[in-house]
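Just one chain is shown here, as structure tokens, and it is the form predicted alone.
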């Protein structure tokens, strides 16, 4: 009896798999042959074994196919037969929107960038092409608006900053999904720096006119203005922070003096003062 059983193995079996499947959806595999077999499913996040009947369909539930990637289906009876199939991401369910930087000077070319990554509900990267609508808006102007298709799951843009200091909103949308980020535009380098001075009983009080960039944005408080005074005995420099758009300094000098100031790349006018006159 044993020899007879060995001489009559179970009929050859084959497993037919789909070319691809969508993450989280059930998949049906077909088999040939007869008798019982061990069925193995190996893929991202799954390694399972179950008993199946050859010649019948094998249903693989979607909860075993949540992660995108390559899966291997194996049926083993007297021999083993296998098939490979790929699971792709489901429809986009969330988007990651990254923006750089969080703070940017006004009127800077290619200074603002953003990138979107699309994911399905199982956190698989959606590599199928989707159209992302990007918008960048300042207080009184639209800085950027364009529809860009994703490539390998991402879409990105780069644009210049606007003219006006203040908050900027950046938006990305695809279908019913959207995300919004914010960055702060600040004044760029000072422009047209001018100073004025007046004698006092204790020396000279010197101050700037309101310090602005070339677009008229006020320079941030705390920005340093360097006042320089030159007299026959040498040179003295005083660093003073801008406060309320203006920087001020006091110089103790009784000799004829030439005063100037600098802030960033901006140089001021020169003042010539002679307290002995």
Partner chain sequence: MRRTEKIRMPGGHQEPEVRRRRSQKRRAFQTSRYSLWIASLMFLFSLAAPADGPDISVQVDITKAGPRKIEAQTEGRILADYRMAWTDLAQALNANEAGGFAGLFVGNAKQWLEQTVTSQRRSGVSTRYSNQSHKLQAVFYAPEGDLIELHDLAEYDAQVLAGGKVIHQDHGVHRYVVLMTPGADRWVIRELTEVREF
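Numbering follows the first chain given and starts at 1. Since we're looking at a predicted model, the values are computed, not measured.
Beyond what is shown, the protein has a form predicted in complex with the partner chain; the following relates to that form.
Against the partner chain in the predicted bound form, the set 74, 119 and 151 is in full contact: each member has a heavy atom within 4.5 Å. Contact with the partner chain in the predicted bound form, defined as any heavy atom within 4.5 Å, is confined among 107-115, 160-168, 201-209, 132-140 to 107-115. Taking non-hydrogen atoms only, residue 125 approaches the partner chain to within 4.5 angstroms in the predicted bound form.
The partner chain is not shown here, and in the predicted bound form it never comes within 4.5 Å of any heavy atom of residue 181. Interface membership of residue 44, defined by any non-hydrogen atom within 4.5 Å of the partner chain in the predicted bound form, is confirmed. In the predicted bound form, at least one heavy atom of residue 68 sits within 4.5 Å of a heavy atom of the partner chain. Residue-level contacts in the predicted bound form: of 226, 220, 32, 48, one residue has a heavy atom within 4.5 Å of the partner chain, and it is 48. In summary, among the residues 82, 145, 94, 91, the only one with a non-hydrogen atom within 4.5 Å of the partner chain in the predicted bound form is 82.
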